[in-house]
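First comes one chain, alone, set out as C-alpha cells in the form predicted on its own.
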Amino acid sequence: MTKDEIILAQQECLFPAVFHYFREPLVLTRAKDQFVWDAAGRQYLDFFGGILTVSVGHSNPQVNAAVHAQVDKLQHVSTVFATEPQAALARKVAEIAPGPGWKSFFTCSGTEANEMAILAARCYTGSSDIIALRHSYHGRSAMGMALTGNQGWRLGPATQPGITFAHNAYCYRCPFGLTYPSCEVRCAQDVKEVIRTTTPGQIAGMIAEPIQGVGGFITPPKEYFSIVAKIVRDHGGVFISDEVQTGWGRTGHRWWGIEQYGVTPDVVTGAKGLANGFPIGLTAARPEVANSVKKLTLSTFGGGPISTVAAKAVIDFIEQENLAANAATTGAYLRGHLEELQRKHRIIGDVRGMGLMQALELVQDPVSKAPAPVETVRLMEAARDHGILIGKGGLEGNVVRISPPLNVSTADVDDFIKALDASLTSCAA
C-alpha cells in the first residue's frame, strides 16, 4: 500500500476513535534501535518509544531471536496446558518481584492486568470499594475507565459503584494551594478523608501509578506512598502499584517505580515495556493475595509462548546490559538538559519525572501557569519537522512526555535536546 492508501484505509475502515498526534498522520514503515522511518524514508529519533513500550530498542536482535525460535517450536496452546516460556517468565518475575513467593497471572494488556488486580483485591479482602487517584489512567475497558481520573479517557457510561477518587500528588498544581514540603504532604492525608467519607470504612484496596503516565508524568514527593500505603492497610485494603509505564527499570536502578518510594506493594501490574512491543499483561501479587482467587479463570492469549518468551528475553537483556542503571544516569543527563531548556524557554513551566521518564509541562506564562495545549500541539508538529518523536499527555493536553528506550546514550540525548530546542524556538517565533 502507498502512504496515501494507508491513510485512506485508516480513515474509512477504522473507528474514528483511533486518533493520530499530527495534522497529517505519520506513516511509519520500519524501525531499528532508537530510530523509526516513515513511508518517505525519513528518519526520526524516537523519544516516546511506542508509549513507553519499546524498552530495549526497536527490533532488538536478542528479543527477536528468542521470538523467531519460539514461533517455529510452539506458537499457541492456551493456559490450560503448561509451557516452558510461561513457567520461565513466572519464575523470573518471582525473582525480581517486590517480595518473596510472589505469583503471576498473565494477560495481553495493562488494562487486563489492572482488572485482575482489582479482582484479586476484592477476593482477598471480601470488600468491594476501591480508591483511585485523580488524573490517573488505568485502561480502556469499562473497569479501566471507571478507575481513570481523566475525562478525556472515560468513554460512555464509565462510572461504576464502589470506586472513589482521592486528590493526586500534583505539586506543580497543588489541589490544596500548598507548597511542598511545608504542605506536610496534605494530598496523602486526603486518602484517609476519602475512605472515611465515601466508603463503609473497610476497603478492598487502592490502585495508583508511581508516576502518573497519561496524566502527564505527575511525580509524587518521596513521602507520599509510604503515608498512603499505611492508610490503605489500616482500612483493610491492599495497595496495588500500576507499573504499566513505570516498571522494568524505567525510573532508574530499580525494577519497579514504587521501589523509589521505599514501599512494598501487595500487587503490581505490568505491560508495555515488559515485552518490547509484543502484547502482554502481568498481575503479580504476594502469595496470600494470589491464592485468594480460588475459582478457575484463564486468558486465552495471556501467557502465550510468543509473548512470554519475548518478555523473558527483555528482562534478561535489561539485566545483562544494566539498563536500569543506564536509565538513572542517562535520565539524569537528560533531566539536566531539560532544566536548561526550561531556563531558556518561558513556555516550560515544570520539568518532572524519574530516570528515562521525563516531562515538560507547557504554560502560557510561568506566573499564571495557564496551560498551553495549543502551543503543545504546535510543538509536537515542530518536533516532527525536526526529526524527533515525543508524546503528549496531561488533563489539559499540555504536557510533553519523553520516554526513549532504556538503552539510549548521552549522544542520543544531545541530538534530541538540540532538536527539541530548535522546535521550541520555532514555536515561539
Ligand SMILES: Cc1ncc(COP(=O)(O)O)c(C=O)c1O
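The numbering used is simple: start at 1 and walk along the sequence shown. Computed from a predicted structure; not experimentally measured.
Quick note: we don't show the form predicted together with the ligand, though the next part is all about it.
Contact with the ligand in the predicted bound form, defined as any heavy atom within 4.5 Å, is confined among 107 to 115, 166 to 174, 87 to 95, 285 to 293 to 107 to 115. Shown alone here, R250 lies farther than 4.5 Å from the ligand in the predicted bound form, counting heavy atoms only. Among residues of the shown chain, T219 is not one whose heavy atoms approach the ligand to within 4.5 Å in the predicted bound form. For Y137, a non-hydrogen atom is located within 4.5 Å of the ligand in the predicted bound form, even though that partner is not displayed.
Among heavy atoms of M206, none comes within 4.5 Å of the ligand in the predicted bound form. Taking V228, A310, V238, V214 one by one, only a single residue has any non-hydrogen atom within 4.5 Å of the ligand in the predicted bound form, and it is V214. A heavy atom within 4.5 Å of the ligand in the predicted bound form is found for exactly one of V244, I258, A327, I130: V244.
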